[in-house]
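Below sits a lone chain in structure tokens, taken as the form predicted alone.
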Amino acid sequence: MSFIEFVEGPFYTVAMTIFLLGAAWRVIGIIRIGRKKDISPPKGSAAAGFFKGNLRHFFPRGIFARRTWLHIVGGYGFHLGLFGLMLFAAPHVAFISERITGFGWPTLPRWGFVITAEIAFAGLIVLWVRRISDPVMRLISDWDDHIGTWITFFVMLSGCFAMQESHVFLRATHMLLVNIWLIYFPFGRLMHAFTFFLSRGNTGATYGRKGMNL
């Protein structure tokens, strides 16, 4: 078995299994914690508040946007760029179609991939520079924040190198880093990709039940 066959075969299977089980374990664990029973009479819908809390917080409030615009630009650039690369880069669509779904969808043209990758890289770099330069961000950051950032950076960088599939080693390196990223994901703050909607929804449900607007 060659290295590329190993990282795209058994190692990928193990990494994806750890990713799925770990993510499910974290989400179920959070849900099982539950909430303290509120014995006050409800003045609104907690369920509606849950969804409203998630939708409302996709867009920053004006007063915060003016103060943290650089963080907002970097955050949207990185997350939307990464989302675009993961779901619409041609090699990813081919991989997902072959290994998971059995069907594909339209992909980004080469120029679209380049622009999307540049936006994602710029956003990630802006977020990390802010993390190490802002006094408050430095205080609340720990090794997990930096490890998650750098693993993601190298996964993206290796993916750009492997884009043309000109060398098997580049593709194998990218897949190796992807597998490491999948294994690390459920146990670090990268997990916020799945848990943010629970946090926002819990706040929204609390305010919704009290009949308060977010």
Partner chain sequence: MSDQSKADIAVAKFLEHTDGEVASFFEACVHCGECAEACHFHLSTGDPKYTPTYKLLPMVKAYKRDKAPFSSLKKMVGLAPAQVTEEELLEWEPLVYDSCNMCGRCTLVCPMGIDIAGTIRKMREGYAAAGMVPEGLQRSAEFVKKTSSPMGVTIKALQAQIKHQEDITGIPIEVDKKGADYMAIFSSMEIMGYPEVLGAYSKLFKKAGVSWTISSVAYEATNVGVQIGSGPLAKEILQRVVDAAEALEVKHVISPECGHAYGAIRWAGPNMMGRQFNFEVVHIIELLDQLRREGKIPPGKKDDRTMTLHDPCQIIRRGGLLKEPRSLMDGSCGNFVEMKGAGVTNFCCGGGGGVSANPRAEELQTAAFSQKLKQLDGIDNLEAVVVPCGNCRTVFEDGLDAYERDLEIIGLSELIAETLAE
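Positions refer to the first chain, counted from 1. These numbers come from a predicted model, not from an experiment.
Keep in mind that the form predicted together with the partner chain is not shown, yet the notes after this line are about it.
Shown here without its partner, the chain carries Phe11, His92 and His167, none of which come within 4.5 Å of the partner chain in the predicted bound form through any heavy atom. The stretch that touches the partner chain in the predicted bound form, counting heavy atoms within 4.5 Å, is 123 to 131, out of 97 to 105, 110 to 118, 80 to 88, 123 to 131. Taking non-hydrogen atoms only, Gly148 never approaches the partner chain to within 4.5 angstroms in the predicted bound form. Taking non-hydrogen atoms only, Ala15 never approaches the partner chain to within 4.5 angstroms in the predicted bound form. In the predicted bound form, Leu157 stays away from the partner chain, with no heavy atom inside 4.5 Å. Residue contact check for Ile180: none of its heavy atoms lie within 4.5 Å of the partner chain in the predicted bound form. Residues of 1 to 30 placing a heavy atom within 4.5 Å of the partner chain in the predicted bound form, in sequence order: Gly22, Trp25, Arg26, Gly29, Ile30.
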